[in-house]
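Take a look at this one chain, the form predicted alone, written out in structure tokens.
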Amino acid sequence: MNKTCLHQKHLELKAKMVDFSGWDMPLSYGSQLDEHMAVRSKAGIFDVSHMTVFSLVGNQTEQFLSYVFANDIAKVKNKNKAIYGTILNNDGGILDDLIVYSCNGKYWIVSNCGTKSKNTSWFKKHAIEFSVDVNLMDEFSIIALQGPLAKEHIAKIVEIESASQLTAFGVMDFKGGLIARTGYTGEDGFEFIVPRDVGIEIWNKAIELGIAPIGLAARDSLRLEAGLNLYGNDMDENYHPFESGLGWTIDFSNAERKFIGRAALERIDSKTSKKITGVILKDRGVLRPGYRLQSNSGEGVILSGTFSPILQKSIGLARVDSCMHDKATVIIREKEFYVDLVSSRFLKQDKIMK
């Protein structure tokens, strides 16, 4: 299996290791619940170096991104900002979700690890038309610092005061790589996309400061509480963005921009498409992918599910008929249970419930 540059560090911390898309990654370092709550209440450090990093080089890089990326790269041009969005196939299906980083005239992409081969081929195929070089940055690592105290910690870790002054999705150069105020937990945070030796330094400093290491299990429950999709679970190339809760990332504002998948999306009525909704189980139990939902107004299926430490209930993301709302039932082990259909932003739901 593939190993990140921090693999030995995880073993030293007695992490439980698992195979994640061909990578030997830490599932947890003890208690998933403790790790989850550490990020919600203080801060945690994640090794996400299994993700794929690309750098783009060429005079037509912006034109290339304008064509392959469904969001509009013009929004971040010359702004030292990052932008989230999708790449689509010609039918409008989601090939992947990713973040593009614009920093001092350079463009970088971070995408999922399981789509590395597919994305590499897709980018290189279309880059030829724009004379753009697509470079895999396999020697890089990605470290995520997440939590309400992340801003307090970052200056101690990198010893650069300006890092803590980045705005949401802001980006800055750092030791041959980048620091961005992005993350996948619903909390404030920063991500370091840096050469491996720098990644090791950052990790060591964070651990010395007493910041909790966080594994994949808590990363999943954190992102689900925040209502953030996971590629392969909540979206894939068989579904378009409107039925995957990502219609907001599609930018049609420039009629002259003919991005891949645009024509297919323009033929779709987003108001009648299936949609993604949040689901809260009212009874005891755990929602799992594949569970069927039923109501008088339609049906659906659970895509992701887990127990929410914040809500103290089982939550999930489901793709349902556009007319479904408020309430439904789910079958778990041949028994019928009631669920509420709510905003997928469960952290906001927590405030409503209180």
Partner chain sequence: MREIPGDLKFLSSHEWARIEDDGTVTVGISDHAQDLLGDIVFVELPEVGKILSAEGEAAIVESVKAASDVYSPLSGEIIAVNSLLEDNPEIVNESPYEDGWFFKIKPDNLDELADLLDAESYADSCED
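All values reported here derive from a predicted model rather than from experimental measurement. Numbering follows the first chain given and starts at 1.
The protein also exists as the form predicted together with the partner chain; that form is not presented, and the subsequent description refers to it.
Not displayed here, the partner chain is kept clear of F54 by more than 4.5 Å at the level of heavy atoms in the predicted complex. Taking the partner from the other structure, the partner chain in the predicted complex has a heavy atom within 4.5 Å of a heavy atom of L27. Taking the partner from the other structure, the partner chain in the predicted complex has a heavy atom within 4.5 Å of a heavy atom of R284. Using a 4.5 angstroms threshold between heavy atoms, Q32 counts as touching the partner chain in the predicted complex. In summary, the region of this chain contacting the partner chain in the predicted complex, judged by heavy atoms within 4.5 Å and restricted to 302 to 310, 38 to 46, 56 to 64, 320 to 328, corresponds to 302 to 310.
Across the proposed site, K3, K151 and R196 without exception lack any heavy atom within 4.5 Å of the partner chain in the predicted complex.
Along 1 to 24, a single residue, K16, places a heavy atom within 4.5 Å of the partner chain in the predicted complex.
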